[in-house]
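One chain is shown next in structure tokens, namely the form predicted alone.
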Amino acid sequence: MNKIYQSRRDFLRNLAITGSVATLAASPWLGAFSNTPFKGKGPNDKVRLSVIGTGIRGRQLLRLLFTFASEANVTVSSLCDNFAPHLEEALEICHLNGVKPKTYTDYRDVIEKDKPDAVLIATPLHEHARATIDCFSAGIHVFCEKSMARTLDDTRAMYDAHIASNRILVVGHQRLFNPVYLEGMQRIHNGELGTIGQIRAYWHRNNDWRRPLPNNDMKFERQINWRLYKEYSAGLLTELMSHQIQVANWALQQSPVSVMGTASIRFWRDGREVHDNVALIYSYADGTKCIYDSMISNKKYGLEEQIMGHLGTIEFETNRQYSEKDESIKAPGIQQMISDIENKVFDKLPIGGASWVPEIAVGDQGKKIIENDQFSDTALQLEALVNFIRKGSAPEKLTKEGYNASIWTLLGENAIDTGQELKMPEKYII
């Protein structure tokens, strides 16, 4: 096992064993890394997993599984995809790791013939709900990539099926297992940033988001580039923002009360239906705002979630915490006025002049939240999934994080489409 990954796993295990009551209450899923007895499958029982959807994300999940599969007594019992090239690539990954899974082109065969302990669903978004609900009906646990589903009703149906079946549902918000986020959230919840007034989140890229078609054959366009079509995806919202609204909700320990937004296809006018730039404002009951923007024609600012309080700021993606207590820089107008007063020069105080306009940023260079930040949080989430299966359950708060993030992502899309400020309809409140 990779030594860095081992150290991150030990970090989470130590949090689970020695963490404060407040930390464990806020992040009860850390219990997956404790040494409590298993109620489901014992440590000597092999956990059998199936990967449904073997595209880029599905194959990445496979690779990460194999970083700890031997130590955790896990095997990949089957693979499923209706696109042969992806299935073949996934099978090769398994063979390189000494595993020979069964292969299927229909997920229902996974359920009826393979009967795994759990499935990892990494299919296109619009297929999540049907596969998840059918797996729950068969008594199979589910790890489902975010967002949960393409529609609000399907998202609620997935959650209801999870409750009715008493099967585990883990949604792919891996930051919930990221040591930088866990430590940073503890500081936020302990009040180190003071009163949170605003969260700024953004995710910027500079590419067309298209993937090549086999032999440029257009019959594969919607199958390969499903993210570009509204029938299958909400684009930047469901594929990217859903992570960041989950972080905002986690930091504030609440869900929004309303959302408004706007978006357009500004640059990539190539027949796609989803927007290439979006802007949203989420409002919370205490007055806090989460301001979100995303575009795919400029990557200067990259990816970040900035949690801003009156005492400081945390930027999770860059692993930095900043203090507001910086007296080293003053606005130029104030500096000039102080100098003039000290030198008894009163004929041209710059009150109301242009020199009062600029606000100078705090000069604090910040400190790392944790020192060693080289790890895979997705691998840690997958290991937690295995331990949940062995324990026979997962914390419901973990599932609710995924559910609320998914619902508010889709409400953001609806706010853009309708041009209205929207609240969550009562039927989706859990």
Ligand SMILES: NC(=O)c1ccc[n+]([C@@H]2O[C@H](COP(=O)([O-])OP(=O)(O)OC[C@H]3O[C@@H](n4cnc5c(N)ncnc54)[C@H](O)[C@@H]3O)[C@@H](O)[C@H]2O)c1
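These numbers come from a predicted model, not from an experiment. Start at 1 with the first residue shown and count on from there.
Omitted here: the form predicted in complex with the ligand. The next part is about that form.
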Checklist entry - Even though the ligand is not shown here, does residue 124 get within 4.5 Å of it in the model of the complex, heavy atoms only? => result yes
Checklist entry - For residue 52, is any heavy atom within 4.5 Å of the ligand in the model of the complex, or not? => result yes
Next on the checklist: At 4.5 Å between heavy atoms, is residue 86 in contact with the ligand in the model of the complex?
Outcome noted: yes
Checklist entry - residue 254 near the ligand in the model of the complex, any heavy atom under 4.5 Å? => result no
Item to check | Heavy atom within 4.5 Å of the ligand in the model of the complex - residue from 211, 299, 115, 187 | outcome: 211
Item to check | Selected contact from 276, 315, 154, 239, since only one has a non-hydrogen atom within 4.5 angstroms of the ligand in the model of the complex | outcome: 239
Checklist entry - Which of 283-291, 220-228, 316-324, 155-163 has heavy atoms within 4.5 Å of the ligand in the model of the complex? => result 220-228
Next on the checklist: Using a 4.5 Å heavy atom cutoff, which residues in 74-101 contact the ligand in the model of the complex? It's fine if the answer is none.
Outcome noted: 80, 81, 82, 83, 86
